[in-house]
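Just one chain follows, in the form predicted alone, and it is written as structure tokens.
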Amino acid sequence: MKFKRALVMACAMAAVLAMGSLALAADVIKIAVPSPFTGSAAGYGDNVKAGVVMKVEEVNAKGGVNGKKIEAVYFDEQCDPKEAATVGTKIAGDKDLVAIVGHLCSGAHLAALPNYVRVGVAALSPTATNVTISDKGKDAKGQYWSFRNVYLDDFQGTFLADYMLKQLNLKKVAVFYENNDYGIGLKDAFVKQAKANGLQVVGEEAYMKGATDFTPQLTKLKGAAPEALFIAGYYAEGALIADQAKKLGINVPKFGADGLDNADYIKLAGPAADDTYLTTPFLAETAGPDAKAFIEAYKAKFKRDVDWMSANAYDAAGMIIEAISKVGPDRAKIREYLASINTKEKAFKGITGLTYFNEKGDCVKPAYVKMVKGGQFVPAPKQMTN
């Protein structure tokens, strides 16, 4: 009898604990944040995570959304398409995850996206810029499930070609690009506009992710006597390219896009990073009052300067959370809400400015130019109207 009584009590306690767990689960709304948190692109993922953390903590400190706390669940996909496809399957299959802030890299976003389209969950990337994403987010009903609050590579590639010629009067450029979705898309847009402008492309060379010796390609490009070097890739390889170019005596300005925009580019390249120009969607020096408050809070919390990925991730998380507050934690309704932000009048007002989407989930954002000078990122002396 004693054993049976103990068994009954144990079952009762287990039931109470289970009910408590369900109650706690019901008090939380989860969003997925897939990004690279290990590997060569971990510096990017850390910045995206910082932006999401800032927004989630801010919302939860005010009581959450309709009485429920927001929880960000982080998935490490290393910016690798294979890993991203696996992570995408997990996210799509977990119905507790009501929306996605990510992916960070274009190739990862493209690899995971079919999972999200198949089950119907919206993914809002703060950073993926490849042009082909625009046509990959549509389901059989013609509804788009991919959104992004960053400009596209065709825009920044074109912008950089114009900037070189019109602002710096450069005439000959060598192109070095990473052989992936991001690098090729950016390179193609840049070369197309350069040739249209009369900016001579004296050589094009490709490299693979993770490569460490770029001497053979750089030696070949040096022989063409370029006045500038355009690097279409990410910061880890970009820093090595800058360093090795300097050692080979290629002392010309370097240009890149958002992929080089990370503090680790300067740390890894050292003095060779100087005289590098970058496009960026967010420049702290031009920020408005709301953004300045975010920048100060960010510095106080993370003890470092804010970068554009953190700012964009903060706004992307803000848009997802706003959608949840308006229509509830329903995957389909969240997508509908995001798709309804389709005019300037309906735009989401964030620290990076106004964001609204076209029919494919893309947006138009301004570009700024910053450069490395004295081992620091500073605004370029010459800006250009978009």
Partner chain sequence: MFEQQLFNGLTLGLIYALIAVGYTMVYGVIELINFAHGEVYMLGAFLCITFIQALGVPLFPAMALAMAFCAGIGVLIDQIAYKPLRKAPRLAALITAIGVSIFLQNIAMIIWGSRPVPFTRSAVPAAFSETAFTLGSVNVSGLQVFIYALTIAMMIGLTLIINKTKVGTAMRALAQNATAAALMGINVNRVISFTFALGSGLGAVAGILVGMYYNTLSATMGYNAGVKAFAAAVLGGIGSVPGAMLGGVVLGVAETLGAGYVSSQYRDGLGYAVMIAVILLRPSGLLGKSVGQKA
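Note that the structure is a prediction, hence the values are computed from the model and not measured. Positions refer to the first chain, counted from 1.
Note that the form predicted together with its partner chain isn't included here; everything after this is about it.
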query: N251: touches its partner chain in the predicted complex, heavy atom cutoff 4.5 angstroms; finding: no
query: Contact of Y177 with its partner chain in the predicted complex (heavy atom, 4.5 Å); finding: yes
query: Interface membership of L283, its partner chain in the predicted complex, 4.5 Å heavy atom rule; finding: no
query: Q244 within 4.5 Å of its partner chain in the predicted complex, heavy atoms; finding: yes
query: In the predicted complex, the one of A85, V73, A206, L165 near its partner chain [non-hydrogen atom within 4.5 angstroms]; finding: A206
query: Contact assignment for its partner chain in the predicted complex, among L97, L113, L240, L199, heavy atom within 4.5 Å; finding: L240
query: Which of 32-40, 350-358, 315-323, 328-336 sits within 4.5 Å of its partner chain in the predicted complex, heavy atom basis; finding: 32-40
query: Neighbours of its partner chain in the predicted complex among 266-303 [non-hydrogen atom within 4.5 angstroms]; finding: K267, L268, A269, G270, P271
